[in-house]
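First come two forms of one protein chain, each written alone as structure tokens, so that there is a structure 1 and a structure 2.
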Structure 1
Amino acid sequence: MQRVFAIVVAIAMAGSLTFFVFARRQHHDPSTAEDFAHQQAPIPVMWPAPDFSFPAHDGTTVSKTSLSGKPYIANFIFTTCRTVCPLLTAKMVRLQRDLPGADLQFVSFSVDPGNDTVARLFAYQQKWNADEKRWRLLETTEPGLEALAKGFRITAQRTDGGIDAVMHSAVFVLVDGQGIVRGAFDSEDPADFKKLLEKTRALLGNTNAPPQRAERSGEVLFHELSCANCHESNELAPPLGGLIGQRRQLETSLLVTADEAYVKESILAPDAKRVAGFPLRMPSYAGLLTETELNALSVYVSMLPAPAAVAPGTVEVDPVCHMKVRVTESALRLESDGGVTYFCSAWCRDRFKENPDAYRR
């Protein structure tokens, strides 16, 4: 018993030394009549968002005051993250598509101060959703981030190596025009994520019905939903070119042969058949596409040409460090209109991605 207590104390102390807290769902006890009334209200009034003021990717300064007047949805990411952030950003982009209209703002706070400069955040925003004027990505500082984490009740902590440098919450926070937090939603839980959409629409005074819009072609959808951002290099997700007819090993060790039904299922329920070997999860696009759009998108994906592959066993030169790279199935690569470029490491690939022209021969 004493030992258990000692462990609990040790954990509590460790917790207070860092600002490491896992994404906490906010269910506080309704201790006063006022609290109780809020709990019953369709969109609970939670707590005031923290004060902050940070430079944004577009050269502006974004603060609690500058955002006031219109609601915003905030999340927490960093640009070099390879596990959860591409998924979080894909969800952020999805929300931006789902919630058009000028009365809403989107903010992504970087949890990697010092590394995520305004220039890096700008490149990241351009890559994911360049047309979106309502979305701003903010460069933070160590103390600024610490205050932010406390104020939004989220986690952000540097790790000692591993795939990613920072471990952080996957929550999306909804803040109203008065700067009050109205919900913290776990983006990994589809039901909670759906609630975020509904509560935001309710806060904006709209109905919960998705907006009316013309049906989009497979090609437009592929770009609008930033599919290529994860699928462009086989480090994050399997390249999609020439997929139909290929055999895939699933996490369950089963082997499947990709056909159009498999492509559709991957888009709607990606976790049903997860391809082995990728730490990142793919977001589900269920509920976002009409039947015709889903067909158009899966046809488009099924027709993507296989990359003009260099014969396996050949040796290519990494354009960044000039090391020789043996071409194998798992070799790090980037595919573009100009062909396939191979890299010795993710570091070289990321340098190349930031400024390909600097390394072109």
Structure 2
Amino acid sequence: MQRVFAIVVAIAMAGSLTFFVFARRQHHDPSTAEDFAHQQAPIPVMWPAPDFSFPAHDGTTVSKTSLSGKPYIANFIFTTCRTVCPLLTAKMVRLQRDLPGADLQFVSFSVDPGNDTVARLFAYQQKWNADEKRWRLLETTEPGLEALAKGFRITAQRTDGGIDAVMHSAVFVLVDGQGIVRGAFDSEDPADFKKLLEKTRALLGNTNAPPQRAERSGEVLFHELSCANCHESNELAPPLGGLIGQRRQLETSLLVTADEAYVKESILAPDAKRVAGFPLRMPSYAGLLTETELNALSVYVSMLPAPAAVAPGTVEVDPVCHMKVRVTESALRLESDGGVTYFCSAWCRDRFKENPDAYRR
């Protein structure tokens, strides 16, 4: 089986239902006590989760048996991904913070066996949500991942060529305490992601409407939404410090001057004015913030101090998987007489080294 860096997910029940990243996007208003009460449909019993046993980032071994007795939410990522995985991880962290103290577990399976070691997964978890003890990130093997994919009824597969050569699933899987899959949810669809929260609460026996949360400050929101994890990394997203008054070039080649309206639009509709040179897409937070919280977050972002000068970024295409790669000092690369070639991952770089002529146009 080829090394896996991307997931195309096909969930099969009576037929086949496929979730692709960026598949569906729509605005959905926050829950109210009334609509929550009307959405408590029975939770389907789907199929048994697969047997597995993998080392976790914290030095423990996690298996289907060790997880029994408590529900868990699982997703599939790899640590060197610079496109969809940061978004999936941010949403995993959001789930953890939306379910504080809940008696369940969170599992992230690496789809990059051999590269995502326990040490790398530990560093990744520390960056995203170091204090969350319910979350385990699992190192996999190629045979183990193949069995895992078959058992979860997903296809962990990498394709060659084409604009969509690398695709990542936005699916989160909900498994009950008996090891039975109870739902697969597309986290890119706000309504589906909301259902994941609802079904998880129902599975835990909490059929009451979630408590009204106090409005959060801009600083708290900046932390809870994991803004810094992307925007403080030059490889992922444009810096936010000193933003107001800056001129930024968009993917459309237009120039905009950042002001308060621009900041708010970027929070609610980030695809409207995408900054050039950054392949990572930002999730929309429309429907997740009150007007007061949106104002508070906008003010907080506007007051962040300017960082050290950041060189204008360019984007290259990995010749192996065709994933977009932002060119930075730490970007993986190979230098040859033909120039510099950039890669999304060590696996693509090593495959290119084995037979560069196969990937040169």
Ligand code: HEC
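Rigid core: the largest C-alpha set superposing within 1.5 Å between the two forms. This structure is a prediction, so every number in the text was calculated from the model and none was measured. For residue numbers, the reference is structure 1: its sequence is counted from 1.
Participant: Can you tell me whether structure 1 or structure 2 is the form predicted on its own?
Facilitator: Only structure 2 fits here, because that chain is the form predicted on its own.
Participant: D51: CA shift of at least 2 Å between the two structures after core fit?
Facilitator: For D51, whose C-alpha is compared between the two structures after core superposition, the shift is less than 2 Å.
Participant: Does the C-alpha of A286 move 2 Å or more between the two structures once the rigid core is lined up?
Facilitator: Yes, shifts by 2 Å or more.
Participant: Quick check: S66 between the two structures - does its CA shift reach 2 Å or more after fitting the rigid core?
Facilitator: Not so; S66 is displaced by less than 2 Å.
Participant: Core superposed, what is the CA shift for E260 between the two structures, in angstrom?
Facilitator: Looking at the C-alpha of E260 between the two structures, the offset is 2.9 Å.
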